[in-house]
Structures are given as structure tokens and as C-alpha cells.
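Shown next as C-alpha cells: one chain only, the form predicted alone.
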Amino acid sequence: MNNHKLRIAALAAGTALVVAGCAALTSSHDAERDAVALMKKDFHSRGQATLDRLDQDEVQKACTRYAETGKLPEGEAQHLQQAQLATVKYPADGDYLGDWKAGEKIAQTGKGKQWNEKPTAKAGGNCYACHQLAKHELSYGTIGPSLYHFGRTRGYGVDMQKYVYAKVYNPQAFTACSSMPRFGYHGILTEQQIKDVVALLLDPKSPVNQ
């Protein structure tokens, strides 16, 4: 085979690969679209479980795209974190601490966002599913880091209170693709509930800091 024919064969092979790649991308996009359409057809809003959770926002789409590698490119991660930080609605009264006793109940409650929950019922944080919070707890999750002695090791000041409030409100503002729920952003917890959770972590009298 002469050089001219080799060049033609190589060009044809390259074109075939590009076409195949485009077809795969189109197929992947179509499959995702069809899957969402199927879920929206078969699932129905009931109680606190609504169909809007099937629609991915900017962060969720980005995290899905890079799910296989497990890490977003640094520039994109910073962009998403800045955008998510802008969504945090801080308390108008400037007070970030609530009642740690109420916060402990919230941390131990896993109710909320389920089909059998009344729309007006308050949800819980279910914090113990992922974190250790107090020494006396015999069972807790390890998906997230231990928060025991959180205030004692990080300080109790206003800057830390504001940080923790924002972290609970929208953890994606600090760690893109975090597994932690966006409790405030998605309206899972109310402003007062978030304050109570902040108090659980930062009140010196809380069992977290004993």
C-alpha cells in the first residue's frame, strides 16, 4: 500500500473514531434524559418527597460528570464553591447560636423529606449517621469526620460560629461534591434548627465539647 492510500486509511479510521465518540456522547445524553423522564413518569410527589429532587442543579451536574474520577478540576471546584457560598442566607439578627439541647435532638433525628412525612413537619439532621458527636454515643457513622471536641479544638468565636452555620447551610460552599446534605439550601432545616446545630458543636456546655 502506497503512502497516499495509507493516509486515506488513517483519515478514515480517525473519522470513524470521532463519529463513534460523538455517537457515544449522544447516546449517553439521551440515556440520561430518558432515565429522568422515566423517573418523573413513575414517581409522584407525596408528603415531603417531591419531584424537584430529580432535577440536578449546577453542582450536581458537575459532580456527575466527574463521578468516575472523583475530583473536579481545581478551577471548576473553586467556581462552584464561590457560587454556593453566595447562596448562604445568614441570620438577619447576626446570632448564630441557638440551644444545644434542641440541636442534639435534631442531630439524633432522621425524619424528613420522605413520602410519609407531613409537608409541615420539621425534619431532622440525622448527624449521627455520619459523625461522632459525643463520647457517650455507642453507635455513629464514619462517613464524615468525628466532630467530638469540635469547639474545644477549633474555638468558640463568632468567626467559627459563622463558618459552621454556613457549613451546615450549604457544605458545597467549602467542599465541592461533598456528601453532606445542603440542609439550608434545600430547606431541610430551618434557620433556628441550624442555629441549634451550631450550638451543639460550639457551646462549651454541649456534650460535644465535654
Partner chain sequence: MNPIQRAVSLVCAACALAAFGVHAQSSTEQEIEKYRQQVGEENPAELWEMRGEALWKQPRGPKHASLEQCDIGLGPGVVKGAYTVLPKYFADTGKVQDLESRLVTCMETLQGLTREEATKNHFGSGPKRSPMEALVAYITSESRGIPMHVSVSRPEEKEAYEIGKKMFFYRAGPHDFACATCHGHPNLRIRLQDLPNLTDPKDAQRAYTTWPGYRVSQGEVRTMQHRLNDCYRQQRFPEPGYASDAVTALTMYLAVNANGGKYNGPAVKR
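Computed from a predicted structure; not experimentally measured. Residue numbers count along the first chain shown, from 1. Whichever C-alpha set is largest while still superposing within 1.5 Å between the two forms counts as the rigid core.
The following text describes the form predicted together with its partner chain, which does not appear among the structures shown.
Contact here is defined as any heavy atom lying within 4.5 Å of its partner chain in the predicted bound form, and by that definition each of 43, 67 and 115 is a contact residue. Contact check for residue 110: a heavy atom falls within 4.5 Å of its partner chain in the predicted bound form. Of the heavy atoms in residue 139, some are within 4.5 Å of its partner chain in the predicted bound form. When contacts are judged by a 4.5 Å heavy atom cut-off, residue 179 counts as touching its partner chain in the predicted bound form. Put simply, residue 63 is close to its partner chain in the predicted bound form: some heavy atom of it is within 4.5 Å. Residues 49, 50, 51, 53, 54, 56, 60, 63, 64 of 47-66 are found to place at least one heavy atom within 4.5 Å of its partner chain in the predicted bound form. When two forms of a protein are overlaid on their rigid core, residues whose CA moves 2 Å or more are considered shifted, and residue 163 is not one of them between this form and the one not shown. Positional change of residue 39 between this form and the one not shown reaches 2 Å or more at the C-alpha, relative to the superposed core.
A displacement of less than 2 angstroms separates the C-alpha positions of residue 175 between this form and the one not shown, with the rigid core held in common.
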